[in-house]
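Below, in structure tokens: the form predicted alone, a single chain.
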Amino acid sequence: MAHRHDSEPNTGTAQRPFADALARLKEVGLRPTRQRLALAKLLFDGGDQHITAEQLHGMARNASVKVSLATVYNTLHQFRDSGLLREVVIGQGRSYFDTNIHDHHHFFVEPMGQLVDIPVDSVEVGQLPTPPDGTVLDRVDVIIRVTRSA
């Protein structure tokens, strides 16, 4: 029985471990530095996730990626500003970065700090106030705070 090896040709970019990360960075015009590539691979390989800078820093350390926490923060903000991530602000100085950039809302499970996606059509937003002068409504992010039942 023949088994496919990672070095064998495949469709798309799966044959090279950093190909998807490289393509994402190039698509938004970010220079693919070693650290950006490594962090992009950790973020985008394996499906959507909600992650803090500290969690990503720990993942990088576990993957033997030498990167400072400050660089992780800077990279996450660059990825956010480029549209690769969405930042979900939970409170003062407490943000998660979401690899799912499509419109959706969140449950925030306290006290463990877990975010759970809610499909956008599951929440009906009613009347909204008029935005302040000189601004336009960009999007509405709903965060519903819940706790685990006893």
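For every residue, the number given is its place in the sequence shown, counted from 1. C-alpha atoms forming the largest set that superposes within 1.5 Å between two forms make up the rigid core. The structure presented is a predicted model; accordingly, all values stated were derived computationally and were not measured.
Another form, the form predicted in complex with the DNA, is not on view; read the next lines as being about it.
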Under a 4.5 Å heavy atom criterion, is Val120 part of the interface with the DNA in the predicted bound form? no
Looking at the partner-bound form in the predicted bound form, is Asn100 within 4.5 Å of the DNA by any heavy atom? no
Verify the contact flag for Glu110: yes if a non-hydrogen atom of it lies within 4.5 Å of a non-hydrogen atom of the DNA in the predicted bound form, no if not. no
With heavy atoms only and a cut-off of 4.5 Å, decide whether Gly93 touches the DNA in the predicted bound form. yes
Just to confirm the contact call: exactly one of 24-32, 102-110, 120-128, 41-49 touches the DNA in the predicted bound form at a 4.5 Å heavy atom cutoff, so which is it? 24-32
Heavy atom within 4.5 Å of the DNA in the predicted bound form: which of Met59, Val67, Leu115, Leu84? Val67
Could you check, with the core superposed, whether the Cα atom of Gly93 shifts 2 Å or more between this form and the one not shown? yes
